[in-house]
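Same chain, two forms, each on its own as structure tokens: structure 1, then structure 2.
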Structure 1
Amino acid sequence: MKIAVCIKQVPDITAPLHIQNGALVFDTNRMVLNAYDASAVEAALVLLENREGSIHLFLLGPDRAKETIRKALAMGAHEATHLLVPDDAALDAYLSASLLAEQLKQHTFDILLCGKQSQDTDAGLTGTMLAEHLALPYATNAVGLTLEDDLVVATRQGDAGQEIMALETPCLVTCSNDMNNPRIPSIKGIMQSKRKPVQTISVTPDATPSTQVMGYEPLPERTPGVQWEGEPLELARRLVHHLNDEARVLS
């Protein structure tokens, strides 16, 4: 079985940040493997337990992203392709999906896994766009993934509950970080990752992004809450009056 996993390097969102001149500024330049993609790598490793197969990573990013590729290889993936873009490359979900699809069309795989979204934009669009580019059946926001005969069975979290979908291969699944707890690479895994093959292919976006971030602003301060005291019946009447006549959320 061949499993492809798309991963991304993102800023460490646990690091302190502030907004300066409409831009996000992190107090550290620490970059990490996107948490949702780490869950996708872990899901691939679990699927291959007691099975013959390989995991091929695909990362679209600048040169500094090599460190993130090595981390995912240290988890247990077998090989990787680094789609190298300039540090200042402007990419949105559509361009990212287009560049990944162009490369993935040259490979064969049974399952393509992605994180359901990335921690830097939280857009959650690249996976589904990639499925469309590759004409693959897909499931999104998976919290469970198993193999049954020749089918990939994905349990996905919907708005009103969970859904179970059976997909024929090849297929694409986007993984939630609620699916599992990604393993921490061992010293042995880290050492082995340095010897695993990583192909680097320089790519250049041939279009400008169709979506752009114009800037960031701090969240507006919340209006202070109101606290009343009194008898329960009087408080209930006062609350209904406030919601209906002043806040006008009931009318």
Structure 2
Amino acid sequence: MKIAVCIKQVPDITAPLHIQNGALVFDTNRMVLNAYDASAVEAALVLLENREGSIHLFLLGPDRAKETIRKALAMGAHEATHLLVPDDAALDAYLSASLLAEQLKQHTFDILLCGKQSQDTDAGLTGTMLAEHLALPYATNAVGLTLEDDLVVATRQGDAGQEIMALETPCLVTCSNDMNNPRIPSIKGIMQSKRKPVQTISVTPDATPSTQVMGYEPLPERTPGVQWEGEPLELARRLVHHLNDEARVLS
């Protein structure tokens, strides 16, 4: 069983950040493995627990994204392809998916896993774009993933409930972080990751992206609220009074 996983390096969104002249400035320059992709790697590792197989990572990104590849190799993936772009390359989901698809077409796999979205942009587009480029059946937002004979069974969180989908291979599944808790690499894993094969291929986007961020803005100001302490009954009365007479949300 061959599993391909697309992973992306993203800024640590929990770190403080601010806007300077419409541009985004991160106070720390910490970059991390996209949490949804960590879940995809974990899912691949679980699928291979009692099965022969290998996990091949694909990452499109600048040189410093190497760290992220190492992290996923340290979790237990076997090899990686790094599609190297210059630090300031302008990419959007559409261009990224085309570049990744071109590379993926040269490989065979039974399952291609992606994260359901990038933590920084929440776009959630690349996965289904890849499925279309590669003409693969797919399921998105998976919270469960198993194998049954020749079929991949994905439980997808839909709008009102869970859809249990059976997919023929090769197929693509995008993973929710609600699927599992990604393992933390062990010291042994980290040591081994240094010897695992990483192929680096320089790529150049052959177009300007059709979507572009023109600038960043703060969220609309919220009027500061109030905070009360006290006896439960007193708190309840005060809140109901305000909800009813001030905010007018009860009725």
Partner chain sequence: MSKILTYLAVQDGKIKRASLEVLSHCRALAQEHGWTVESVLLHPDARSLATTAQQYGAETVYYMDHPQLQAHLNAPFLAALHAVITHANPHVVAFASSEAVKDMLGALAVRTQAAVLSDVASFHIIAGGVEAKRPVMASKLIARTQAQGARVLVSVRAGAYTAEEAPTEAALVPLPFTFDVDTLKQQVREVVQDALGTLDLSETQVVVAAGRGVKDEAGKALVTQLADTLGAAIGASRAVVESGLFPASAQVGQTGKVVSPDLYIAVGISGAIQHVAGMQNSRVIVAINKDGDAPIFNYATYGLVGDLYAVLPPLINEIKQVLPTTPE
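Counting starts at 1 with the first residue of structure 1 and goes up one by one along its sequence. Quick caveat, the model's predicted, so the values are computed rather than measured. By rigid core we mean the largest C-alpha set that fits within 1.5 Å across both forms.
K.L.:
I want to make sure I have the labels right. Is the form predicted alone structure 1, or is it structure 2?
P.N.:
That would be structure 1, which is the form predicted alone.
K.L.:
Has the Cα of residue 239 moved 2 Å or more between structures 1 and 2, judged after a core fit?
P.N.:
After core superposition, the displacement of the residue 239 C-alpha between structures 1 and 2 reaches the 2 Å mark, so yes.
K.L.:
Please work out, using C-alpha superpositions, how far the smaller rigid part turns between structures 1 and 2, and give the answer in whole degrees.
P.N.:
About the hinge, the smaller body moves through 38 degrees.
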